[in-house]
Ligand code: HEC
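Presented as structure tokens, the chain that follows is alone, the form predicted alone.
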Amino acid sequence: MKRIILTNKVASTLLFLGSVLFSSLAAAAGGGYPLDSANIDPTDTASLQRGAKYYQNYCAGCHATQYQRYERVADDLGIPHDLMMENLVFDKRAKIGDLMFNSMDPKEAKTWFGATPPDLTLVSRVKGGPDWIYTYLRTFYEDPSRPYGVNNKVFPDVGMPHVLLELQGIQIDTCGDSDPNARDPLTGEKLCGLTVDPERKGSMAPAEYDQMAYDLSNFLAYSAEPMQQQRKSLGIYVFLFLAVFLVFAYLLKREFWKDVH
């Protein structure tokens, strides 16, 4: 009887922990909001360079990528060191080999925003991947009830302002409480969604803003794993080595066992 009770307690504990983990993953992935596919390309150097530019201009003021170095980014993205320091590093005290910290004081940031802005080096890993970032950047919408007047579909009640507002403009949520996936049964078009207010457009057209969000998502995915391309290339050599080794291992095995009947 004691064993059965103990087993039931263990099972209950495991189920509880599993439900907590599932809830956490659901929250990290946007609470069920459909994510758009970014289809990032880590080999697209031009996109990564543009993403680095957007990150340094619009994100680095509050967010650090303290596990990256300016030099590594410059070398990987094919940016000359002098151009990197002149155009993409705004802290004139920084050196090319420094980690990519931001200049905002954490205590002041907590006072202003209610929480210290998180480091974004690994955001592509700890959230929902590049698709999460891509959708997040594109789903800010007007919400007068929020402190900064905006909310986000992927990250409800987010505590940061829409720093890309001047580029995208003000989006209006036409769905309200309706299903954002609902489509017209005849045409297949979405019945509602987020749309830019014609009277409050940004400096970018919707297609241009989507490209910017893609470039920024691509750069943050690279930042989370700068060795991705080298790792894949190394994997090819490892498989080639194993294939050659298999041949010699088979020949050696046949030599050892040729006299065994």
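Please read all numbers here as calculations on a predicted model, not as lab measurements. Don't overthink the numbering: it's just position in the shown sequence, from 1.
There is another form of the same protein, the form predicted in complex with heme C (HEC); it is not shown, and what comes next is about it.
- The contact with heme C (HEC) in the model of the complex, taken as any heavy atom within 4.5 Å, belongs to Cys59 out of Cys59, Ala224, Ala38, Leu48.
- Only one of the listed residues (Leu191, Val89, Ile172, Met160) places a non-hydrogen atom within 4.5 angstroms of heme C (HEC) in the model of the complex, and that residue is Met160.
- Put simply, Val123 is close to heme C (HEC) in the model of the complex: some heavy atom of it is within 4.5 Å.
- Of the heavy atoms in Ala115, some are within 4.5 Å of heme C (HEC) in the model of the complex.
- When heme C (HEC) is considered in the model of the complex, Leu164 lines it closely, a heavy atom lying within 4.5 Å.
- At a distance threshold of 4.5 angstroms between non-hydrogen atoms, Lys127 is in contact with heme C (HEC) in the model of the complex.
- Partner proximity in the model of the complex, defined as non-hydrogen atoms within 4.5 angstroms of heme C (HEC), places exactly one of 70 to 78, 132 to 140, 90 to 98, 176 to 184 at the interface: 132 to 140.
- Residues of 209 to 224 that come within 4.5 Å of heme C (HEC) in the model of the complex, judged by any heavy atom, are Leu216, Leu220 in sequence order.
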